[in-house]
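The data below hold one chain only, encoded as structure tokens and taken in the form predicted alone.
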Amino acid sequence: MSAKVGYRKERLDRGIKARTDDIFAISTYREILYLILPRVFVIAGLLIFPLLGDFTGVYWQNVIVITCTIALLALSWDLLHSVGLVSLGQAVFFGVGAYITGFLAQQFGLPPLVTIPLATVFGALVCTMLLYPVLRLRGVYFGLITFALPLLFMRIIETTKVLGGTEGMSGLPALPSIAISLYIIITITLVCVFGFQRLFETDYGLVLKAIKDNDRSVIAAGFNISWFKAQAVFIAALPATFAGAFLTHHYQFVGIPAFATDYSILPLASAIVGGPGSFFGAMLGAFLLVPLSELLRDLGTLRIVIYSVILLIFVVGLPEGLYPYLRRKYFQFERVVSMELEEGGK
């Protein structure tokens, strides 16, 4: 029977990459550079940026501060998602951290060096205690609780006039300078992204991931998943409460906007665009969406339409996210190979 020749695309790992996600066959310095160059490029770029104040201007330096803030919230969301907890209200972590540091600074006159660490840890504990009773909920039910909490706190503060009421607390101690602020939040962002990535490569991280994949098997293995989920909430809350505490001193103000939905929507969108389940993806998504948001500020509410289109494109056209796609393209290549087809297309 005669045959005809067809063609197909074949995807191959580069020689340096083995058939797993985290194992590489390194034999030369060139291959080592091939692995570390992307990380070095990102880290060096972020650390050099604060030195370019005369070129970038204060405005774009403040944009990077906001970008790192959203990146920390996106990392927090991604860690919760990795344990099977889908949060729709990252603003609750941000707002709790912001109000605690504002209260400590206004009532006790404590400096940022003291209030930010205290608000970060104590705020994470408060958020963990708030969410502990609902950790048994799954899917959208847990998400609805987290979505309602920021709205609840906003109404309580507005009605009772506590913590400054609708006027908030202003005149709080400022951070030394914009350059120092940038270095602090950039360093914390890098520590969180690499730290979370490393955490999920340990045995402890494997248990957390297993809770999402098959919680019944984890229970059968003798683990208390409620306790592990509570630990995950505490760890995930740390970067988010730090972001709220840090931004409070950066702006020297905290008020009801600390619970705004922007602090819930942008982190979620960043994680989806960058790639859920990949902490580097959450950071990448934030560094794409937040500067884009500033560039589109003149369009007003039309920005929401553009956000929706971007999310639709990524959810439908690139569901794995931008970072996993770029990572795969970096470590693999495609080639066209011939294949014989029997007559009739068999």
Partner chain sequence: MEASVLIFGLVNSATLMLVALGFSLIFGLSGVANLAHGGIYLFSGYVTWMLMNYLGVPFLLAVPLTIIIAGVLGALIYWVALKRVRGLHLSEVIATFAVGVAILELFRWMGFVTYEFTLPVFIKGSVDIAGVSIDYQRLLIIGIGLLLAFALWVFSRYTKMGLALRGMAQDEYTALSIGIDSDWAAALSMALGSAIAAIAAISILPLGIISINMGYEVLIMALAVSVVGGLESITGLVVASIILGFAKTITGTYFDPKWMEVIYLFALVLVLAIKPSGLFGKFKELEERV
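C-alpha atoms forming the largest set that superposes within 1.5 Å between two forms make up the rigid core. Because the structure is predicted, anything quoted here is derived from the model rather than measured. Numbering follows the first chain given and starts at 1.
Same protein, other form: the form predicted in complex with the partner chain, not shown, and the subject of what follows.
Comment: the partner chain is not present in this chain, but in the model of the complex one of V316, L295, V58, V40 has a heavy atom within 4.5 Å of it, namely V316. Checked against the partner chain in the model of the complex, the residues Q107, T166, T160, S177 give one hit for a heavy atom within 4.5 Å, which is T160. Within 4.5 Å of some heavy atom of the partner chain in the model of the complex lies at least one heavy atom of L88. Among residues of the shown chain, G255 is not one whose heavy atoms approach the partner chain to within 4.5 Å in the model of the complex. The partner chain in the model of the complex comes within 4.5 Å of no heavy atom belonging to I186. Of the heavy atoms in G171, none are within 4.5 Å of the partner chain in the model of the complex. Only one segment in the set 30-38, 61-69, 307-315, 45-53 has residues whose heavy atoms sit within 4.5 Å of the partner chain in the model of the complex; it is 307-315. The candidate site formed by L113, V233 and F279 is entirely out of contact with the partner chain in the model of the complex, as no residue has a non-hydrogen atom within 4.5 angstroms of it. In the model of the complex, the partner chain lies within 4.5 angstroms of at least one heavy atom of each of the following residues of 150-166: L151, L152, R155, I156, T159, T160, in sequence order.
The rigid-core alignment places the CA of P319 2 Å or more apart between the shown form and the other one. Relative to the superposed rigid core, the position of the CA of G57 differs between the shown form and the other one by less than 2 Å.
With the core superposed, L288 shows a C-alpha displacement below 2 Å between the shown form and the other one.
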